[in-house]
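Just the one chain here, laid out as structure tokens, in the form predicted on its own.
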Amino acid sequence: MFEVRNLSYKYPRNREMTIRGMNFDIRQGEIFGLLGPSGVGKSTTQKIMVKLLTDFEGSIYYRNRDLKIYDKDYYQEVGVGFEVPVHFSKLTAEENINFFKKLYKNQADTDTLMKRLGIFEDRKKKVSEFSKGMKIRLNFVRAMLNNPVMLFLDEPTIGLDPANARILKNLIKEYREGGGTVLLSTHLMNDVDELCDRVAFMANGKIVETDTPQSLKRKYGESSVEITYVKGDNLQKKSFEMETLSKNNEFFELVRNEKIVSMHSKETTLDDIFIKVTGVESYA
């Protein structure tokens, strides 16, 4: 879907480059996570790829054609959900959606989307009366209203309660299962772990690591099993390496002879990998 080669960008008032020679591909039908600490250039990269910033160095190919060749018809194919929702606050939710629908040839069933996201009953309310979470959900409807083939999402679940975040993530999965492609930026590594087929970590304006979440966990960590068991009047814990578990007699003796309270696999998390690769905590 996208081929990005030697992408560099410097804001006019900045002395240093924000993006410094980035290279990555996004495959059709995948959710691709672009991750990194705040200020590293994730949002700038998305703005370049949706043609809001055009004076970049390097090359970007969308569907095997230079992105610079595309005119306004490009926006008929893409949907964008920025981190900070932008709506006409004096209009109702329904009026907002209907206004933006007029810009597109292809129009989605936005009533169904609003019903799924729990804001259909409030569609006649002015957006100024919406809570932050409702605005975020309306923002997703707006990103999807033209049935895009390519979806750009920046922190799509930030500010949502767990129930509504689950609904939105399910919609993103369904979109991917229907053949859609997603570029996702977020600091929530649980979302990344659940949604992304591949991820790219950014540091100092460059891509420093790209792979599937599963492969990154194998590369950067060791898997183990931690058992909590009763010993006398106390709880004891013991860890065993996953790789040699099938030949570990101590593990089997413990399971057979002791009262087991819990048994958990302990794997390296994407949060751990984020810190190792970028040097910054993911929630910073």
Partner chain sequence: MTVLFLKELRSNWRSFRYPAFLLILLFFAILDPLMLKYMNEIISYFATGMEIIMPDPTPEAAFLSYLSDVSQIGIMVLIFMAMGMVAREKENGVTGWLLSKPIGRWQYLAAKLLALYSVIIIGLIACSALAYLYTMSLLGQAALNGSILATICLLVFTIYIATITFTFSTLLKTPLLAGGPTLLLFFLSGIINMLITNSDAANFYPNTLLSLMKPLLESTATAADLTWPMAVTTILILLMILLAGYRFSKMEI
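All of these numbers come straight from a predicted model, not from anything done at the bench. Numbering follows the first chain given and starts at 1.
Below: the form predicted in complex with the partner chain, not depicted.
Visitor: Although the partner chain is absent from this view, report whether Asp66 comes within 4.5 Å of it in the predicted complex, heavy atoms only.
Guide: So Asp66 does not count as contacting the partner chain.
Visitor: Looking in the predicted complex, any heavy atom of Glu222 within 4.5 Å of the partner chain?
Guide: The answer is no: Glu222 has no heavy atom within 4.5 Å of the partner chain.
Visitor: So in the predicted complex, is the partner chain close enough to Lys51 to count as touching (4.5 Å, heavy atoms)?
Guide: Lys51: contacts the partner chain in the predicted complex.
Visitor: Asn164 near the partner chain in the predicted complex, any heavy atom under 4.5 Å?
Guide: No.
Visitor: Counting any non-hydrogen atom inside 4.5 Å, which residue from Asn190, Thr92, Gln107, Asn204 sits next to the partner chain in the predicted complex?
Guide: Answer to the contact question: Thr92.
Visitor: Among Tyr9, Val80 and Phe88, does every residue place a heavy atom within 4.5 Å of the partner chain in the predicted complex?
Guide: The answer is yes; Tyr9, Val80 and Phe88 each reach the partner chain.
Visitor: Out of the stretches listed (98-106, 179-187, 128-136, 154-162), which one is close to the partner chain in the predicted complex, meaning heavy atoms within 4.5 Å?
Guide: Comparing against the partner chain in the predicted complex, the contact stretch is 98-106.
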